[in-house]
Structure formats: C-alpha cells, structure tokens
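Taking the form predicted on its own, here's one chain by itself in structure tokens.
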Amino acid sequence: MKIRFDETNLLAPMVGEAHGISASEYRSQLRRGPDVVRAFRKLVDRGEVGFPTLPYQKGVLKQIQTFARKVRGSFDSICLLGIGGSALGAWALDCALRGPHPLQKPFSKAHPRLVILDNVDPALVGAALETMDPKSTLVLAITKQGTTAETLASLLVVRDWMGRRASRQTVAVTTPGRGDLYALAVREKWPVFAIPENVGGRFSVLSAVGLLPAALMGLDVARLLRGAARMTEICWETDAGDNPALRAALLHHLVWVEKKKTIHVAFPYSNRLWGTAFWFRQLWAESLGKEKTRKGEIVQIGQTPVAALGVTDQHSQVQLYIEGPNDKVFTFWAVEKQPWEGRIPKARLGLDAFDYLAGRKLAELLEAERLSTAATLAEAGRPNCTFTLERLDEEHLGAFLQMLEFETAFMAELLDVNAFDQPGVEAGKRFTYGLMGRPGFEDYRERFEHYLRRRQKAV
C-alpha cells in the first residue's frame, strides 16, 4: 500500500513568497508535529474520539460479513436511506471500487445496485421507487441519533411502498438504545448494526455505516480495514516526514492561516474518486468550520472546501483558478496504476490534431493533463499539492479515507477547534422539527414566526 504526498508546489520557490511557504516557515511548522499528534492521541486514549479504532473492530467486521453472506443473491437493489455522513461514505466506496455512477456494469442479484436517498426531494424519492422492485430491495436506514427527519420521512415512504415485506427487508444502522429508529427496529425485529457513540457521522465510513452497504455490494471490507489499519499506524508517527496526514495538515494550516487561502479545492483526477471528493467536502467543512475555539474564543473560522474533477473541470473552473482571486489551495488526487489504460488506436488520419494522439493511452493523457494543470497553477502563483495512490483498490481506499480523517483531526488541533461537533447543523434541525410540528420544539416554531415578522418589516 503506497500513498505519497508531494508538497513541492506549496513552497515559496515555486509560487512566490506571498503565496508559498518559506524554508524557515516550513522548519518552524514541522516542529509542531509531535505536539499535534500527542494532543490528538489523548482524545482517542480517553475514548472521546473513536474513528482511529474502527479498523480493529473484528467483532463488527465478522457480524457484517456474516449478514452479507446470509442475504447475498436475494436482492438486486440496496436502498440506503441516510444523509450527510450516513450516505456519502457508502457513495465514495461504491464509486471508487465498483465504478463511477451511473456508469457501472449491469445490476443483478449478484451485483446489486446501490440507490441512495439522501434528500427528501419528492422528485428523487419518486423516481427511485419507480426504478426498484420491492420484492428484491433491501432497505438500510442509517442515522446515528435515530431522529433525523429526512431519513425517517423517507423510511416511512419506503416502508409503505414495501408493504408487508418491510419487516423482513429492512435493516437499521443506528445507536443502540437511543432514538426512535432503534425503537422501531426493536418493535419490528429488524437487524440492528451499531454506530459507536464516539464516532460522528462524517468519520463513520469505516464503521457499519459504510462497511455494511460495502459488504452487501460485494466489496472486500476486510481489505478496506486492513489498509486503514496500516495507515493508522503511520498516522501515529510524530515525525511529519513519515506521516503524510500530519505533514499535509501542518502545511495546509500554514497556507490557510498565513497565506490566507480560505478555499480548499479537492481535485481528483479520477472519476472513481469523485464520490470521495464529496465525502471529503463534508468532512472538512463540518469539522473545521466553527464559531468558537475550544476555549470559547469567537473566531468564526473555516476553509471552504470545493470539489473539482480532473480533467472535466479544467474546462469549467480552471480559468477562475488561474486568473481569479488568489484565495485557494489545490490538492490533486492522482492514481498511478489504472486497471484499464485506454489505448488509443495507432491508425493515423493525416490530421495533426488527431495523429499526435495515435498509439498513446487515455491514462497517459489524463496524467499529462494533471501535471499541466499543476504547473500552470504554480506558474500563476497558486499553491497546490498532490496525493498519489499507487492503485485504487480496497486497501488503498481504506488507507486514503483514514488518512484524510487524521489530517482533518490534526488540522483541528492546530486551529484549537472541536472537529467532532456541529452545533450549526443541530440548530437547523431544531427549526425543522418546530416547523413540522414535532412535540417539544414549539419554541423553535415561535422563533421562526418571529423571523417571518422581521422579514415582513424588512420589505
């Protein structure tokens, strides 16, 4: 398993002193590495944060593998009801390891389709139900708190669509003993897979949240965890030279805070990593966008994550990136060895725009495009860096996801913010409960009515 981090284009000799990291800044920042690792390790050792321990949960792995073997061949659709971290991890795994959506091989009971209902837009839900057969659909309802309005509303619709089959073809992934999803699962005698209390949704991809749908799709979840376990050991290294997650966090922190790059563009040069880019977008935004430090100091800090796809977005966004505001840092994600390289036929047409491509490979062109974009950004003084995965398989993907989670946790230590809460999200949930008439949230209904009166006065 090999994942390399190349920070060269973050450095001042490449992008200039105003936008890049000087040698003295680099040396000074690297000296902070051991303290950052030790501080985060204390949170994990106290049991406050659980994602670093997920690769070692052998009992959970066995439970998931046993269930997946039991139902294999019974369903041609896996309907996942979840939102945010309850859905994005499964999409990232499916997209990376079975092929980008919607261009996957034909679905069957041996190769079930993953249908993700991560929105309550009736156009999405209605269209999804039209494409599935209730006789051959397994429903996964995923919410840690067991009270997420969007997930439970979709569950009520899908449960009605399933009819009497719902009791036999529904699985809950939630926190045991907490929330109404768990209460319903117990009442209906559905299988329940646990989400650990100390693992938040956006850090839960290597728990049952991501592993159960992965196993049902036929992915090798043991290899996912094996790669994640290897990366976990690397991420506990206190020397940033041996720890790519730590080095990336230290340098991204400098570029963000000192060089004022308030936008972070995740730029995968692989359609298979497109789902991972959206998963990362939530991870970075919710973990690091905070009003207060741990000490209660008001900072309203955050770096806006953006997902761009190479080479597609060279033709939709790179004009802005090269000549627009210099407020961004770019992280390319590359895959060294492609399973199919896409050889271009050798036949020549006597036309220059075609003939120079004859006999080359699509993989070669993809890499040339990435290198050219990185060089063009650097020449324009735009800092960028690259993670390169030797190949894209379960082991590398598990390691890459775990590494990005560690990088996020290390960045939070540098910023002195809590990466593992989301008070802004919770406030929006309470307003929704109030508007929809959930008992106990009447005060939020009143606050919303006050907001409407203010709007009327404003106009």
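From a predicted model like this one, the values you see are computed outputs, not experimental measurements. The first residue of the shown sequence is 1; numbering continues from there.
If you look for the form predicted together with a small molecule, you will not find it shown, but the lines that follow are about it.
Between the small molecule and the residues K290, K144, H252, K261, the one pair within 4.5 Å by heavy atoms in the model of the complex involves K144. Residues within 4.5 angstroms of the small molecule in the model of the complex, judged by any non-hydrogen atom, belong to 76-84 and to none of the other stretches in 318-326, 339-347, 76-84, 100-108. Contact annotation for Q282: at least one heavy atom lies within 4.5 Å of the small molecule in the model of the complex. In the model of the complex, the small molecule lies within 4.5 Å of some heavy atom of V425. The small molecule is not shown here, and in the model of the complex it never comes within 4.5 Å of any heavy atom of N243. At a distance threshold of 4.5 angstroms between non-hydrogen atoms, P112 is out of contact with the small molecule in the model of the complex.
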